[in-house]
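Single chain ahead, written as structure tokens, the form predicted alone.
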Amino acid sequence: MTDLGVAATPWLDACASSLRRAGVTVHVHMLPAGEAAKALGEVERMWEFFGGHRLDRRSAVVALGGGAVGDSAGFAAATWMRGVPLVHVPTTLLAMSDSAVGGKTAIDLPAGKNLVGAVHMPAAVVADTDTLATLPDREFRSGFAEIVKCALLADRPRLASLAADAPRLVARDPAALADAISFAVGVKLDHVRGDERDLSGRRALLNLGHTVGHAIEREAGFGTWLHGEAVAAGTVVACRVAEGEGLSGPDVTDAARAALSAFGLPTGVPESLRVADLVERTRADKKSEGGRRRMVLPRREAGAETRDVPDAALESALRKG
């Protein structure tokens, strides 16, 4: 590697200094915090930055930060010169357990979240749980939504153990965190393996909770609800829909709610949002086909499946919280 474009966070100095000591030339580019990083204008700024520093196909982009930084910098790397190497250095729990793994990159448009993107597998993912020590409590807790989602998909007994271990996890116990992150990464890789480009439908199951979650984020205004908070509420709604469709039962919903609540995550849709607006917003979800809303729903015994969900079924679940 001859040059590195680094999308920065408070851990920038340590990362950049380490690379420079190894003899690597480092150029630093800053992205705004949160979902603002995932604007087309920010990607254009990165492209101009890459061009100004003559990044070539032997260069690499290091995305150091949370999920939004990884999504945006990853998309810039995927499209610069038709793809240059990408290294993820996630510094949030959500990014370590989910977004930095699997190769999906994306930016947002007014029409919806993550509508423009590419699959661009990272050359490496370097996750150091020490970076979580400086993460604000609310953002830290939000990352557990993706870990609970993975338990709902692949290991139902772990829902109860996550709830029981919540005090240690919230206290940022290194061993407990390493186990939880490793579990979530394993589940994600199992779903990505063999369906890297989301063609067979198995990878799509990782979107459990995201159809309504993305709608909440957009309707509330990005930043009002963190991604993990919205996914937590969206996961409960998906469980409610599965109940109504006879695919699952209240015991599954209760177990998911208990695990999410143990981490202080919301399990209901914000009262400030209109159900009709959320229903309409879900039509822009990436899984929609031919105008039909497709949602990932948990099964009664194990796993999940993607099904068409009519307005009435979603409205009923949303009104139950």
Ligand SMILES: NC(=O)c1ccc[n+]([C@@H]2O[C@H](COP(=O)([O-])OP(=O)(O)OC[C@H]3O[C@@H](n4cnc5c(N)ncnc54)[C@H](O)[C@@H]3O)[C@@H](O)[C@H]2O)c1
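In case it trips you up, residue 1 is the first one in the sequence shown, and so on. This is a predicted model, so every value here is computed, not measured. The term rigid core refers to the maximal set of C-alpha atoms that superpose within 1.5 Å between the two forms.
Unshown form predicted together with the named molecule; subsequent notes refer to it.
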{"query": "Heavy atom within 4.5 Å of the named molecule in the predicted bound form - the one residue of 139, 190, 196, 245 that qualifies", "finding": "139"}
{"query": "Contact flag, residue 224 vs the named molecule in the predicted bound form, heavy atom cut 4.5 Å", "finding": "no"}
{"query": "Contact of residue 34 with the named molecule in the predicted bound form (heavy atom, 4.5 Å)", "finding": "yes"}
{"query": "Contact of residue 135 with the named molecule in the predicted bound form (heavy atom, 4.5 Å)", "finding": "yes"}
{"query": "The named molecule contact at residue 211 in the predicted bound form, heavy atom, 4.5 Å", "finding": "no"}
{"query": "Interface stretch in the predicted bound form with the named molecule - options 251 to 259, 51 to 59, 265 to 273, 66 to 74, non-hydrogen atom within 4.5 Å", "finding": "66 to 74"}
{"query": "Site test, 38, 92 and 131 vs the named molecule in the predicted bound form, non-hydrogen atom cutoff 4.5 Å", "finding": "yes"}
{"query": "Rigid core superposition, residue 113 Cα moves 2 angstroms or more between the shown form and the other one", "finding": "yes"}
{"query": "Residue 213 C-alpha moves between the shown form and the other one by 2 Å or more, core aligned", "finding": "no"}
{"query": "Large Cα shift (2 Å or above) at residue 144 between the shown form and the other one, core-fitted", "finding": "no"}
